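As structure tokens, one chain now follows by itself in the form predicted alone.
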Amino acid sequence: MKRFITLFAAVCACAVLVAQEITLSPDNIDAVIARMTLKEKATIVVGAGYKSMLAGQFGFKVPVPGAAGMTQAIPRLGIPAIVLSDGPAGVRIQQTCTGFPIGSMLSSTWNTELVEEVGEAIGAEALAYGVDVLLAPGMNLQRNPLCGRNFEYFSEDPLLSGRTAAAYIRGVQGRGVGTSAKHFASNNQETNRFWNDSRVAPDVLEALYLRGFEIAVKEAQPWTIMASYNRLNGIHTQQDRWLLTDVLRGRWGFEGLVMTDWTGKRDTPAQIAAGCDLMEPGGASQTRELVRSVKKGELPEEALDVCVRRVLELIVKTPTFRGVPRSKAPDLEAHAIVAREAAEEGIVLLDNDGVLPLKASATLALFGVGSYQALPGGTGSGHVHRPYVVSLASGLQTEGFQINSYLSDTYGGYLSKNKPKKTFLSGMLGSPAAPEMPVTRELVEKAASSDIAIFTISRQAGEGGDRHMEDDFLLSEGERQALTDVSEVFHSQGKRVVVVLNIGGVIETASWKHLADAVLLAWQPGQEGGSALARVLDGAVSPSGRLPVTFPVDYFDLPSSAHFPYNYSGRSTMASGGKDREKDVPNVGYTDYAEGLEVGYRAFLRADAPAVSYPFGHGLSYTSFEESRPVFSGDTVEVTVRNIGPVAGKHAVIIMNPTLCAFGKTRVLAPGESETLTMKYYAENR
């Protein structure tokens, strides 16, 4: 009888628990955690694996095919899985999304309001397609021109990076979709990226490599931060409690979740203990490891609970949890206009000897495969499945220019025979640039019946490897000879030459720019790049972009060049022999940030510093502006700008003392019109 009573009591207790079962809401997170089993807690902090990205390949059925990852659902507690998608130049999923300009081009606008509009458009597409968190913006410092992912990043200056990132974050999150500012921190190269140890002095780390993230956190509060692959001063950032808890949360007041970059299994309990809340893409072995560690007393369950709470706090904010309807039909036409306007404003006029703007009656000879097959963005997780890409040739024709048909037919035939091979990975991550077509002197002479030559130089880069020197940072022998021939033939007939740079990162310009009458930096301008370029070339838009990076005369003038794994041959410099997988790395290397604070323009502030080809902040216009003397008041500075030139245009105000301390951008000012800008002054920017 006693046994029966005991059994009856146990059954009743279970019935009470079932009756008291709850469903997750923003108000009962602690109660939900109290009802979770240890396995469920370990499950919720480990991602759902690669099945979202690989949807359709192995029978996986997921809400958003092609997304980078997901969290795991716990249905009995009403906890849904949420979707994480790559960025930052648009939403990277299998569906068609708008291709926006790369990060380097967004920062070239010096216009945080415009960047916020770009973020809003990207956020709207993420919302429409079912994405809860966009893995963007990328905001590591451009420490060295050869970093393969510089195209995703904003600048060599932490203030410009931080404020641009904050604007992007506000835009996306204003649509109710989260962001993940990445890669935290000191992820400034792709070579041996999983294991490389970034050795950075504490003062340099604070002033440069953490500063941009600090600004973004304090001014925009991203929903999540992504910890980088690399080690920082000997410790993997994903298990660095000082970085993720003491600095990020303790000093800066970060309120959100920290996730890993897409890493294989590491020391999962150490990551949890450090304050890294979500392991992506995730694997069952990590869940088992956490359960074992808690049961053995190696990881306090309370530490796991802290991370579980942050995951749930993220989930309850998401569109999936809130049941926001997904239209799957974003306004791609409206967003294309935003993409074009961002490209127009991010184009930088580097040189102009009176040839620009072009006359509408001019016939144009377009050289370079990039004139006909534009590179809208880089490769890797920053790739976007765009609906189309407007080439320079197409954009110019739309604006009414005549294009040399013999030359365009020649390039068309070449490109049809030299298409990049498409694979599953290229479909997901983008394709390399087509090889440059050899240009003979005879071809140049046949094209010289045109009024003006435009020579496009193209460069592609992407995730997983750094750039090299030959035929990348430097012009190839073929490019140099072709540009020389074009310059000689056209100049001998009193005709002008314009060079367009369709590139993702800095290249060498000092040795050849004298061959051109104008040099226009188009970066990788997104799907509307050709339209934007044509409108700047013909004067419909006066260029207002300014450089967010320095173009040195010589690569080795940059102090970081002595401590960066550049490769003159162009072969892979991966410590793993080119295999970009953690398990294949046979040794662990390091990068000594021995240049200290002398990164980018900071290396050229000394009186005895070498000259540069184009300085940080440089950019020309078709009109002229007059700035008043700055007026300081508290933490703001006021400058009045007047257009004293012949055409309407925008103007970026950049205040250096001696480093960047404030910046702002005017609206379009008609000739004679003025605007007063009130800008926040960052006196502590070192």
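In case it trips you up, residue 1 is the first one in the sequence shown, and so on. Since we're looking at a predicted model, the values are computed, not measured.
Omitted here: the form predicted in complex with ligand BGC. The next part is about that form.
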Ligand BGC isn't shown here, but in the predicted bound form which of 261, 479, 485, 116 has a heavy atom within 4.5 Å of it?
-> 261
As a check of understanding, the residue in 109, 104, 381, 144 with any heavy atom within 4.5 Å of ligand BGC in the predicted bound form should be identified as 381
TL;DR on 85-93, 269-277, 545-553, 294-302: the one with heavy atoms within 4.5 Å of ligand BGC in the predicted bound form is 85-93
Is every one of 53, 68 and 149 within 4.5 Å of ligand BGC in the predicted bound form, counting heavy atoms?
-> yes
Should residue 229 be counted as a contact of ligand BGC in the predicted bound form, where contact means heavy atoms within 4.5 Å?
-> yes
Is residue 193 close enough to touch ligand BGC in the predicted bound form, meaning at least one heavy atom pair within 4.5 Å?
-> yes
Looking at the partner-bound form in the predicted bound form, is residue 508 within 4.5 Å of ligand BGC by any heavy atom?
-> no
May I ask you to state whether residue 463 is within 4.5 Å of ligand BGC in the predicted bound form, using heavy atom distances?
-> yes
Heavy atom within 4.5 Å of ligand BGC in the predicted bound form: which residues of 176-190 qualify?
-> 182, 183
